[in-house]
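Take a look at this single chain, the form predicted on its own, given in structure tokens.
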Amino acid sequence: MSTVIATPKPGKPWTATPQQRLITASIYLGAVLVSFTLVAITPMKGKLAYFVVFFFSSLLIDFILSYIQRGMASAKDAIARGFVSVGMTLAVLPIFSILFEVVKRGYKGLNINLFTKDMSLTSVNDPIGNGGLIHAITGTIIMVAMALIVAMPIGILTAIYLTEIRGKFAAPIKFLVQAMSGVPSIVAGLFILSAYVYPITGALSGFAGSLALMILMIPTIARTSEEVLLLIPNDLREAGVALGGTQWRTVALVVVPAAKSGLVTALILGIARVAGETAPLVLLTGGGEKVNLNPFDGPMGSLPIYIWKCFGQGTEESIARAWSGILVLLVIVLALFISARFLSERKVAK
């Protein structure tokens, strides 16, 4: 009778064992006890004191245990691990604090009228249930959509030129795209104000705001699309040329379809980049209080201007509306980033 020997399932070397998890929990528990004891018996008080004492005590305990178990090399690794952990905590803590504060203050103003009515017949002292931000949502959608219609082909074609054509102007164009990525949004608004509004129309409109958003959107789409196209293997390009295709047909029928998910991600990130811009819209759109579906005629509202105006009015009701607007805008931006993340992971999986 033959004996079947089960092959052990390979594990990841960096995965913590139950014993290591128990040691880690003991280190944190000891650090908590030390921090509470020292803060209680010393003049140090407050949350910052708890955090500092907890960090250094956990670092010291981890260093001693690692040195006893594995020597100095492991002890030095424990110190590095401690600083990496506190750095990650300091990076993530403000994000969660912002999310918690926005949700805590913003959910109180959520109601059905918020998504069905505008502010044309509502004053600053009216109850929170009166009025809404439908004009701001529609205005933001219209302006971002118009900006995307122009920025999408320009950004993607720029990325194709930088990665596939690589002509003599590739270096200056790449430098210009990188420089535009750091341009403050107020500069884009002032440029459209002086180049389009004052000399041509003389009136504020949603179209002028979309032009400023387009300037801010193009660098994000171009740079992200460039990185996506650089990930496409050269074997696909060589295969297209070997089959008799021209460079343009290879790019259009082989490279771009292979990078489709990544290019969609670039567009979503471009939209998220401009969805919350305030400064250029304050200068160019007029911030209307009623729904305006014509971006070429009359002032047009947007979510950032709605939030800015409500905070500026200063009443309890208007501030509650502002926090609700922040919550809605945050949900929209988070949805865009989650969609971009989902599409990028789907591309990697393929």
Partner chain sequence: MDKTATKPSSLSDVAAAKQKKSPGAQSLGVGLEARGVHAWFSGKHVLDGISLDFWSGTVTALIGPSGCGKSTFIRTLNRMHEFIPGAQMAGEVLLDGKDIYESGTDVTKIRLKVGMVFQKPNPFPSMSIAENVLSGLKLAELKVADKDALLEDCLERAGLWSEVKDRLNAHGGSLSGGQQQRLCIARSLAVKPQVLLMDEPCSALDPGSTLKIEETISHLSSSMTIIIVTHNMQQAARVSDYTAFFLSDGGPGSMIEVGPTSEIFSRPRDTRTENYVTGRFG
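Bear in mind that the values here come from a model prediction, so they are computed numbers and not experimental data. Residue numbers count along the first chain shown, from 1.
Quick note: we don't show the form predicted in complex with its partner chain, though the next part is all about it.
Determine whether any heavy atom of T138 comes within 4.5 Å of a heavy atom of its partner chain in the predicted bound form, and answer yes or no. T138: no contact with its partner chain in the predicted bound form.
So, T246 and its partner chain: in the predicted bound form, are they within 4.5 Å at any heavy atom pair? The answer is yes: T246 has a heavy atom within 4.5 Å of its partner chain.
G262 versus its partner chain, in the predicted bound form: is there a non-hydrogen atom within 4.5 Å? No, no contact at 4.5 Å.
How about M72 - does it come within 4.5 Å of its partner chain in the predicted bound form, if we only consider non-hydrogen atoms? Judged by the heavy-atom cut-off of 4.5 Å, M72 is well away from its partner chain in the predicted bound form.
So, a 4.5 angstroms cut-off on heavy atom distances: do all three of E226, E227 and L231 pass it with respect to its partner chain in the predicted bound form? No.
Heavy atom contact within 4.5 Å of its partner chain in the predicted bound form, the stretch among 113-121, 246-254, 167-175, 149-157: Single hit among the candidates: 246-254.
Just to be sure I understand the contacts: of E101, D77, E238, D126, which is the one whose heavy atoms reach within 4.5 angstroms of its partner chain in the predicted bound form? Flagged contact: E238.
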